[in-house]
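Presented as structure tokens, the chain that follows is alone, the form predicted alone.
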């Protein structure tokens, strides 16, 4: 198979430059947190309460973001080895081991500055049991307060009034009082609603970016490129003016790319020819991220949608943070995260993406140490093939453990899968 020509790699888009600056400045704020008298909350991406944390003037640290960034910077192998030396099994989530190893190595963050210890561990439990055990380990280390928001699982993909009321009650009577004790402030409801209004504005622009992938050629890659697009909204910036400006700029860039008939930006420049349109399920591998991405771009394959980029919020199903109902909207956000959905709801979402984005098929990247994603994926594959008639491919790797990224094996599987897609297009049997 020949390689589609790609335009020469050019300068970064303004939105990329802006995002890099935003992240760098956030880590600088964290490094100064003690000096500036600001409190620090460790929390996770799915179900994060960023607007609430910010309304108390506190700063967020997201351990799984630190782990994936350590993976991309080639530091995770040493951190994982450090955690395994202290007794953590090879089968434990590698985000956890990377974080523990980083902590044991001085807790130097991805940008090279030391991370402050947490004043509060805020656990929004959204379908990942490992998150709970992870914060038990951090609690033993830091001896700081813990606030847990228990979010009921959505087995049928429906949020009932009792589910919402259960979460709202915890927010009002447990989580917010814990934040008031740690921060020394009362909740500023006006500030919270202002944060939520800004979140909704950014979410509108992000959804427009996702939906641009319905166009041919798609101006975005909704998986590899998509993980950059969700960086600000899944982390410490949702609800901020910075996030609103970032997503407004990103949307303008994507609209311009679409108007010009351009394909997505890739590590090697703009993709010149779109040969395959795919939907991807599962997290990416971070230790060989660009190598993994190039396995697709060399074949002219574009991810038009993915589930991993919805793990911190399913905005393209219609949800927006609603400033007029601040507690209820926080509850609905937590309840609606992708990892909080049962298998039938996940299959229905993937089916919708395959049909609405006119995908030729779908790829599942199964991560051995991430049970919240990998459980049931083979069943999902067969069910999606039955419902859509589109072929599915299955590959295996890991989040941040380079020992489980078999480059040749994964590339062979992807190429074989795309040959199967070609055969189906031409009416052949594969």
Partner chain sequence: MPETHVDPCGAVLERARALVEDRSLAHVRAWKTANPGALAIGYLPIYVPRPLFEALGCLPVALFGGGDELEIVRGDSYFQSYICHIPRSTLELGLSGHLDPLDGMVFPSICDVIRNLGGMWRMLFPDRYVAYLDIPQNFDMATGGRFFAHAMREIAEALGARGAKRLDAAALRRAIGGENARRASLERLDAIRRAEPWRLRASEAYLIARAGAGLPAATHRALVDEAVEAASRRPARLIDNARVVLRGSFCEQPPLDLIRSLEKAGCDIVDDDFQLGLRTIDGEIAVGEDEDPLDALARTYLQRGVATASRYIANDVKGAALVSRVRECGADGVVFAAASFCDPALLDQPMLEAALDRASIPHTSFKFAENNAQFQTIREQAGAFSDSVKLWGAER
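Residue numbers count along the first chain shown, from 1. None of these values were measured; they are calculated from a predicted model.
Same protein, other form: the form predicted together with the partner chain, not shown, and the subject of what follows.
With the partner chain omitted here, the record of contacts in the predicted complex names 389-397 of 56-64, 26-34, 40-48, 389-397, defined by a heavy atom within 4.5 Å. Using a 4.5 angstroms limit between non-hydrogen atoms, residue 251 is distant from the partner chain in the predicted complex. The partner chain in the predicted complex is not approached by residue 142, whose heavy atoms all lie more than 4.5 angstroms from it. In the predicted complex, the partner chain lies within 4.5 Å of some heavy atom of residue 125. Residue contact with the partner chain in the predicted complex: residue 402 places no heavy atom within 4.5 Å of it. Listed residues 272, 165, 323, 187 were compared with the partner chain in the predicted complex; 165 is the one with a heavy atom within 4.5 Å.
Think of it this way: in the predicted complex, the partner chain has a heavy atom of just one of 88, 352, 262, 215 within 4.5 Å, and the residue is 88. When contacts are defined as a non-hydrogen atom within 4.5 Å, all of 173, 343 and 346 contact the partner chain in the predicted complex.
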